[in-house]
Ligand SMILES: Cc1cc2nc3c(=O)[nH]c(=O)nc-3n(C[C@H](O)[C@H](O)[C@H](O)COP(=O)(O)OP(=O)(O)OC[C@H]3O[C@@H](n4cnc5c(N)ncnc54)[C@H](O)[C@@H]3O)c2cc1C
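Quick setup: one chain, the form predicted alone, written in structure tokens, and binding and motion questions come after.
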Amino acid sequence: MSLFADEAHASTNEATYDFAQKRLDAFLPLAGRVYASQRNHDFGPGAHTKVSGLSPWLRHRLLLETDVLRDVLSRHGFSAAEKFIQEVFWRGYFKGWLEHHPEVWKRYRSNLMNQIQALETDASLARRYEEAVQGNTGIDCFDAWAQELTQTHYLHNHARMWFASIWIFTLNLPWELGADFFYRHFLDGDAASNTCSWRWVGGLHTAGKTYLARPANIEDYTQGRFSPAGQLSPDAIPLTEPDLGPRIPLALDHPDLAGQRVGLLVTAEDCAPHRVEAMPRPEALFAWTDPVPRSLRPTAAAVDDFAVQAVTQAADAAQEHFGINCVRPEPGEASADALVNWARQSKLDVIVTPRMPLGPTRRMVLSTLSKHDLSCVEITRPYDQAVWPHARAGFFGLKKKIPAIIADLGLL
């Protein structure tokens, strides 16, 4: 299974459509049997050549899931590429699951704030936390992964799982602080995949089912680079939490906007708004170019820079596609203030944007618009409409629907 996100290489990355397509084209020959047999091996920094490397572009939708699935299926067929196809669907599964359970994101944010405050008052916690994030715990594999993460903004998916397990069960650190550390440093950092994956490792996502990092497994799948025998907890006692309450039904339909003056908002959550099937033709365009804070603690500069470049690429594409100038905040001008001014000056009836999944961007944008009594409609892609309703419980419920979803979307 794939947690957190599909893997991203540690090389220089460009947040552009062309670069994403080149990465996809380079990976396509490996997406079948090679990926299925070697995807779990962490060959070390600079040698992650058996995984896709597509997740930063998928996360910002510079590359669409439907594009990836169509190309992979065309090259390999479903049977040979089934394992990779499932990995693509894991991201949609976690997004849909979190939309069904918004209480999870609310609790995570609340608990994280408390844990960050605790770092200011609990000297022992602060010391152990700093040792972990600086890679100074004395556990060679963990320390190497901590440094690889902060230097390259990448970790192999298997390493992400081992790291989270060691953080929770060996170092006995709060999982929310670990999730925050990942979220602030990964180019492919995604609120749903990241939060749900940490919860899965800790035994919260699937109640009572934990992921234990085992020394023999680490030694085997890192080709002997690490051998942490005697350093890791032999047990993984599941974390617990109060009941989450009932699942929230999803509203994925769109209102009829005929006759209304529409403005299109471009954010880093979906950088191909010109390719959203149900998107009405806008009268005005606006790009939210400010990096959206992911935490009370700073996001890595490379992560913010990637998101800004992605939005810039999206703004250029939307401008060319619709033949309308895209308004972008001037240097030093807050995107929130500029958005409100743009909407009023454009005399808009409604602002439309591709669906923003639960997370910081959605909260910031919708709170800004609500504060100024501006109407917003989110347009959900057919892929999300097809996937999210099946993300009600475990992944198996979605997994068995994958062939039908692929057929319904016309991908094969």
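Note that the structure is predicted; figures quoted are calculated from it, not measured. Note that residue numbering begins at 1 and tracks the sequence as displayed.
What comes next is about the form predicted together with this ligand, which is not displayed.
In the predicted complex, F84 approaches this ligand with a heavy atom inside 4.5 Å.
In the predicted complex, D270 stays away from this ligand, with no heavy atom inside 4.5 Å. Contact annotation for R91: at least one heavy atom lies within 4.5 Å of this ligand in the predicted complex. L58 belongs to the set of residues with a heavy atom inside 4.5 Å of this ligand in the predicted complex. Residue-level contacts in the predicted complex: of P360, P45, G32, G53, one residue has a heavy atom within 4.5 Å of this ligand, and it is G53. From the list 187 to 195, 315 to 323, 139 to 147, 101 to 109, the contact stretch for this ligand in the predicted complex under a 4.5 Å heavy atom rule is 187 to 195.
In sequence order, Y154, L155, H156, N157, R160, M161, A164, F182 are the residues of 145 to 182 having a heavy atom within 4.5 Å of this ligand in the predicted complex; the partner itself is omitted from this view.
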